[in-house]
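Next up: just one chain, as structure tokens, the form predicted on its own.
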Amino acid sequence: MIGIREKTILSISVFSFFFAAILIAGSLIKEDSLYVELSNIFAPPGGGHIFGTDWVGRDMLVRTVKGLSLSMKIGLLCSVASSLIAMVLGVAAPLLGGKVDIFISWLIDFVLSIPHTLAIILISIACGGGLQGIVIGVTATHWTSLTRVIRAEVMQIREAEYTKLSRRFGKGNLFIAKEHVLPHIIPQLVIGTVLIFPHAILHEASVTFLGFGLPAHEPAIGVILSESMKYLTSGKWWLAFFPGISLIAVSMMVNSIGKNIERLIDPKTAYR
């Protein structure tokens, strides 16, 4: 009989395969593959076009895969960068203590008090918009929750006997962070990075949809959804349905990977 551990590993493997497949397939699609075919505009799903075609005859399946790949790359970049910020601040706050801890705690509360979408839009505009603006905006707003988790973990490690012994032997904060703290927070860091990804990719798509993210010539999901709004009232439902459902599916898939990794790491469920 297959146990929870085997099912969890199988689920992670399957979802990771689909994630990698979309990422690679989208990267292999060149700009000339999105060719205009005016004789085949607004073709409904089916036949030679599973997702149908758009207002200039471009295949929506190709556009969706290309857009997902681009959004996933941005999500990966933002989630890794956010995790690095969370690691630095989450480790520095308890080890340095005092005013540093107070300031970092205040900064977390301040960032959390601002709606993410609004903050991303403002930061993106301030940074000149485009890819650079959206990456900085998403990264600057998605490190807070993971920082709190890491900070709480480091506070426990700080009070452990082996950490206190290191201080008595004259070891500094850098040694303690490297030898005692980092090995313990790697699981939380990995899980946090994976769980940040769905939020990052959805916020990137929503801000781009509103017109404050990637420029219109980029084949991103947010751009595709924004363009499709002009044709929904005329019954061209597939222009928004397939890209939208694909984005949600990828977000749920990555979220499931994160939850399953967490289940594997948890001693209560890891060996069932």
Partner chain sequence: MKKSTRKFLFQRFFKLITLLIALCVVTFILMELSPIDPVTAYVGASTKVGAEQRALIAEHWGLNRPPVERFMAWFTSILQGDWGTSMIYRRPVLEVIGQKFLSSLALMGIAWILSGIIGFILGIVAGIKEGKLADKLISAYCHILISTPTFWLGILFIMVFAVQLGWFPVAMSTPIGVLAEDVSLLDRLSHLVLPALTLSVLGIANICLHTREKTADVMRTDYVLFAKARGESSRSIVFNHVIKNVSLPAVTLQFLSFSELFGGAIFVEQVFSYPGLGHAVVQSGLRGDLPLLMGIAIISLIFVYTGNLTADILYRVIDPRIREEVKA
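Since the structure is predicted, the reported quantities are computational estimates derived from the model, not experimental observations. Positions refer to the first chain, counted from 1.
There is another form of this protein, the form predicted in complex with the partner chain, and it is not shown here; the text below is about that form.
Chemist: Thinking of Phe17, Ala25 and Val65 as one candidate spot, does the partner chain come within 4.5 Å of a heavy atom in every one of them in the predicted complex?
Modeler: No: no residue has a heavy atom within 4.5 Å of the partner.
Chemist: The partner chain isn't shown here, but in the predicted complex which of Ile121, Val135, Val91, Ile176 has a heavy atom within 4.5 Å of it?
Modeler: Looking at the other structure, the residue within range turns out to be Ile121.
Chemist: Among 101 to 109, 184 to 192, 78 to 86, 154 to 162, which stretch has residues with heavy atoms no more than 4.5 Å from the partner chain in the predicted complex?
Modeler: Heavy-atom contact with the partner occurs in 101 to 109.
Chemist: With the cut-off set at 4.5 Å between non-hydrogen atoms, does Ile245 touch the partner chain in the predicted complex?
Modeler: Answer yes; at least one heavy atom of Ile245 falls within 4.5 Å of the partner chain in the predicted complex.
Chemist: Is it the case that Pro115, even though its partner is missing from this view, gets within 4.5 Å of the partner chain in the predicted complex, heavy atoms only?
Modeler: Pro115: contacts the partner chain in the predicted complex.
Chemist: Does the 4.5 Å heavy atom contact test between Phe212 and the partner chain in the predicted complex come out positive?
Modeler: Heavy-atom contact with the partner chain at 4.5 Å: present for Phe212.
Chemist: Heavy atom to heavy atom, is Ala205 within 4.5 Å of the partner chain in the predicted complex?
Modeler: Yes - in the predicted complex, heavy atoms of Ala205 and the partner chain come within 4.5 Å of each other.
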